[in-house]
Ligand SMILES: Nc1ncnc2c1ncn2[C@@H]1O[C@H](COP(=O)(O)OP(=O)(O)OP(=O)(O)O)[C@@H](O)[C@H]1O
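Presented as structure tokens, the chain that follows is alone, the form predicted alone.
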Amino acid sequence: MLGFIKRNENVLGVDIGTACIKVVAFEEAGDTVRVAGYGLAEVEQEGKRAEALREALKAAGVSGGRVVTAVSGRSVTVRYVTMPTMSDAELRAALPLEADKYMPYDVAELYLDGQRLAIGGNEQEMRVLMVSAKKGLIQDHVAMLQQVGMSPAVIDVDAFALGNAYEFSERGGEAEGASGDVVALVDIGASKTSINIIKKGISCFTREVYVGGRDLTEVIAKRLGVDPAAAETLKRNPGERNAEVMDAVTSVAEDLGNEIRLSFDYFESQFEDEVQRVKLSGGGARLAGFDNALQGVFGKPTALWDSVGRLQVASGVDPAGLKDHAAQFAIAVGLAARIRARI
């Protein structure tokens, strides 16, 4: 699932969501990385993702460059396992045997990858991040990109892209993770919520919860007696009806907050450390007051995270439009940040 990025080559982070396609392009200008373009387009119906991708690419206004994208969902499995200390070459050779112990599918059906973690090991043992994705999922994803003339150099996982975005956008600024604080990144998409808990810049726990923005839309429609289109409009811009909308989504906030809290509890029991703060992103996190509702459930300082606020933009790129959709671009930013990773 890895590829290679050449130096001085533009990189396009392509986040193919359930309801919206997001594209962010990075370019290098000397020692600086800046946004060369961005675009987003809503997926009008399930079979129209390629059309939405074309629209998002057109809006980004960037032609050429290496494509980095990501997958997620039930066909992607992430495990944090303990293995005997070995070299990277030995780890790669051992992956299929180890994966057979931890993955819920036949190894022959999977693409596998793994990486040692610089945390939680000793001379005899090491902690390893192990990732698998069903081959059919990857093949379908690549085929859809090829419909618009794109071939991905890297295929990542949504939750890890969140971590990349946090490290990249906070670098040189007031990065909480630099001091050893534990930060939970929570991206609320249309159909799922991705969680990545970061300690000292290292991903220590990831999980997907299948509650998202569509659940908010459905409960608003039901409680306020409006059609789904009107409910979606109210979710994005409740205006004077914000109190009604927040009252309507209380049950979803509690369900999602409780699932997130369970993730925190598991992490804290494994690492004997505590999540200090929560950073929200994703289209579902844009509802005014939803951050406070979640904070009330799991009792951690919680705020909407601006993944683009510290990024430089090239001339001709509208920074205001980028900032307006900052919450939605977090995963795409993390994918485009591979421009610095060279992999």
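Numbers follow the displayed sequence, beginning with 1. Here the structure is a predicted model, which means the values were calculated and not measured.
Another form, the form predicted together with this ligand, is not on view; read the next lines as being about it.
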Residue contact check: G13 to this ligand in the predicted complex, 4.5 Å heavy atom = no
With the cut-off set at 4.5 Å between non-hydrogen atoms, does E232 touch this ligand in the predicted complex?
-> yes
Would you please decide whether I188 lies within 4.5 angstroms of this ligand in the predicted complex, comparing each non-hydrogen atom pair?
-> yes
Though only this chain appears here, would L287 touch this ligand in the predicted complex if you measure heavy atom gaps against 4.5 Å?
-> yes
Pick from K135, R236, R116, R261: which residue has any heavy atom within 4.5 angstroms of this ligand in the predicted complex?
-> R236
Residue (of R92, R127, H141, R214) lying close to this ligand in the predicted complex, criterion heavy atoms within 4.5 Å = R214
Looking at 275-283, 23-31, 54-62, 311-319, which one sits within 4.5 Å of this ligand in the predicted complex if you count heavy atoms only?
-> 275-283
At a 4.5 angstroms cut-off on non-hydrogen atoms, which residues of 313-334 are near this ligand in the predicted complex? List them in order.
-> Q328
